[in-house]
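Just the one chain here, laid out as structure tokens, in the form predicted alone.
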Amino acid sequence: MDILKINHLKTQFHGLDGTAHAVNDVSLTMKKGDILGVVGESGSGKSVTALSVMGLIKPPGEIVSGEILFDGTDLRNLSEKEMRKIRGNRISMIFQEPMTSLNPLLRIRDQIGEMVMEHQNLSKKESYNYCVEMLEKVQIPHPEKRAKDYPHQMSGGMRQRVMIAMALSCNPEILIADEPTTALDVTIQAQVIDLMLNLKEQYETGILMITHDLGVIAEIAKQVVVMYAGQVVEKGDVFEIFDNPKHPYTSSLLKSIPKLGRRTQSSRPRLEEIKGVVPDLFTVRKYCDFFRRCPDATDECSKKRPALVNINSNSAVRCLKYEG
């Protein structure tokens, strides 16, 4: 069953320099209880897609067109009051940096308590007890004491666990995790990922995992969407894409990942880089956005803009090599 289906989403930001096409005709599907990975460089449109789903695009940004179907309901047709009943309740989000996402002036118990009182109709005392219970579930030691702390009194890993506790406090059907491990060291990253997987099994929550870390996606996701310059360039089964990437951008991303091996330093090849920079989002080009960086580019790539082509029922790629 599809719990989230995005069809031809376009989100733009208007400024003095023109209009930035941050998300340009993005379509993706997420099944109930699955983990869908969304990967790409900074500026590829991953986070803006997530904010569009949450209804958090504010002026000068706007969702220009497309559908965001959550359990069959188009979220774009809901009023702000109706959206507030879904946001943080049925759909929750973990933001990139917990220190800026948590209110520095409120204790942890008040921040989690405010959410569950709003959506679960709990009293203040009940919300405090529930907060302690959620902190315990995300493996924060001494939860009774920590519930009284302010965010600055916690480490980065602990603040991220608080964000996860907040996001899961209302048993959401979808959890959007936007770079949840970026600011954490490797050990804490592994702990946070294991925690999210355990809680997913416990609550049967679907997870939309946004990251630039392909290693994380390979470990936990079932399906993966690769974004570049505001568009989906490839999507499909995670094993199929990692074993046999179709798009040159996906292939280049995979070649840039360090791999463990027994070769000596002198025989180890250099990591491949993707030459050039991400194109600006203010221009909708009549040719492939990846053309100037693509190792497989042909003259045709400089003259025609590729469409997203279905390879089979489960995968698609945006590349002229597969058209026709």
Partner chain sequence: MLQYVVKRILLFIPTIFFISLIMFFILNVLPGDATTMSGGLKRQLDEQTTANMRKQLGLDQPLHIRYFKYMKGIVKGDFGKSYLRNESVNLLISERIMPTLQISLAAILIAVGIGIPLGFISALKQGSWIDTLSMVTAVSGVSIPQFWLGLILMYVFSLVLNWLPPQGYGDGGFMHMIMPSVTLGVGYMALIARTTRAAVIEVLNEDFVRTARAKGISELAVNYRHVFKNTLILILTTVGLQFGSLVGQTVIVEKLFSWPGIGSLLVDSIFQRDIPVTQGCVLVIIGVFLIVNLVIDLLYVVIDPRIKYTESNR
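Since the model is a prediction, treat every value here as computed from it, not as a measurement. Numbering follows the first chain given and starts at 1.
Just so you know, the form predicted together with its partner chain exists too; it's not on screen, but the next bit is about it.
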item	value
Candidate site Leu56, Leu106 and Met166: all three near its partner chain in the predicted bound form by heavy atom within 4.5 Å	yes
Contact residue in the predicted bound form, chosen from Gln139, Ser101, Gln191, Thr205 - any heavy atom within 4.5 Å of its partner chain	Ser101
Heavy atom within 4.5 Å of its partner chain in the predicted bound form - residue from Leu78, Met115, Leu214, Leu184	Met115
In the predicted bound form, segment of 192-200, 205-213, 233-241, 107-115 with a heavy atom within 4.5 Å of its partner chain	107-115
Its partner chain contact at Phe95 in the predicted bound form, heavy atom, 4.5 Å	yes
Proximity of Ile68 to its partner chain in the predicted bound form, heavy atoms at 4.5 Å	no
Interface membership of His119, its partner chain in the predicted bound form, 4.5 Å heavy atom rule	yes
Partner contact for Arg87 in the predicted bound form: its partner chain, 4.5 angstroms, heavy atom	yes
Partner contacts for 132-151, taking its partner chain in the predicted bound form and a 4.5 Å heavy atom cut-off	Tyr150
